[in-house]
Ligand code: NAP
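As structure tokens, one chain now follows by itself in the form predicted alone.
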């Protein structure tokens, strides 16, 4: 069977390196390109400790992407760069798999237009950890039975955006599952933001500390009881099974797929 050729944007970063390793180790996939604004000109083989790997890190442009013409571009960059990267990929006939967070609903609308124009497909996922996807599914089930809920998301101190894409997606799924809105109540906030941010009438609290990777808990409250659903990614390798699933799925799809839950039964 012909291998799926894969390039990685953000390859010099921690997540990008992990994706490169996962692609190299996965049967049926072939790493053919590495892009990043940092580490440009460096050997990806040296970065990964793989002297047999003859790939040089380049800046992502239409010309540099067309030069290798991969089937899939995996993007783990920044909210400031991701939209341009997706547009370049689709203009070059390459299907993007995007794990970069900070993508808004307006951004998703633009991506959907680009995907339709290209007649290709794209996958954008707030979280590639399969456990996190199940956590969101379980939360949407619990939302039917508990009138109150709050979300606490915890990430490493290098994460730029807040709240996380996972928290926003979780709030969206909970709101869609609810039969009624929670009752309004008066609150006296002694400090601005003390109750966190509001999304779909759900309070979201963001924590950024060194030593963390990616964690989230959804706390439900009901009469005389609480229910907590928590997921912890303790290492970046936890995201790789989901990334591999997306890479192998995207060539078979049409249109934009938002959320890894759409790829698992």
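Positions refer to the first chain, counted from 1. Note that the coordinates shown come from a computational prediction; the quantities given were computed from them, not determined experimentally.
What comes next is about the form predicted in complex with this ligand, which does not appear here.
**Student:** Where, among 108 to 116, 167 to 175, 70 to 78, 141 to 149, do residues come within 4.5 Å of this ligand in the predicted complex by heavy atom distance?
**Tutor:** Result for this chain: 70 to 78.
**Student:** Even though the partner isn't displayed, in the predicted complex is residue 250 close enough to this ligand, meaning a heavy atom within 4.5 Å?
**Tutor:** Flag for residue 250 set to no.
**Student:** Even though this ligand is not shown here, does residue 38 get within 4.5 Å of it in the predicted complex, heavy atoms only?
**Tutor:** Yes, residue 38 lies within 4.5 Å of this ligand in the predicted complex.
**Student:** Looking at the partner-bound form in the predicted complex, is residue 15 within 4.5 Å of this ligand by any heavy atom?
**Tutor:** Yes, residue 15 lies within 4.5 Å of this ligand in the predicted complex.
**Student:** Could you tell me if residue 159 has a non-hydrogen atom within 4.5 Å of this ligand in the predicted complex?
**Tutor:** Taking the distances in the predicted complex, the answer for residue 159 is yes, it comes within 4.5 Å of this ligand.
**Student:** Within 87 to 101, which residues come within 4.5 Å of this ligand in the predicted complex, counting heavy atoms only?
**Tutor:** Residues within 4.5 Å: 99, 100, 101.
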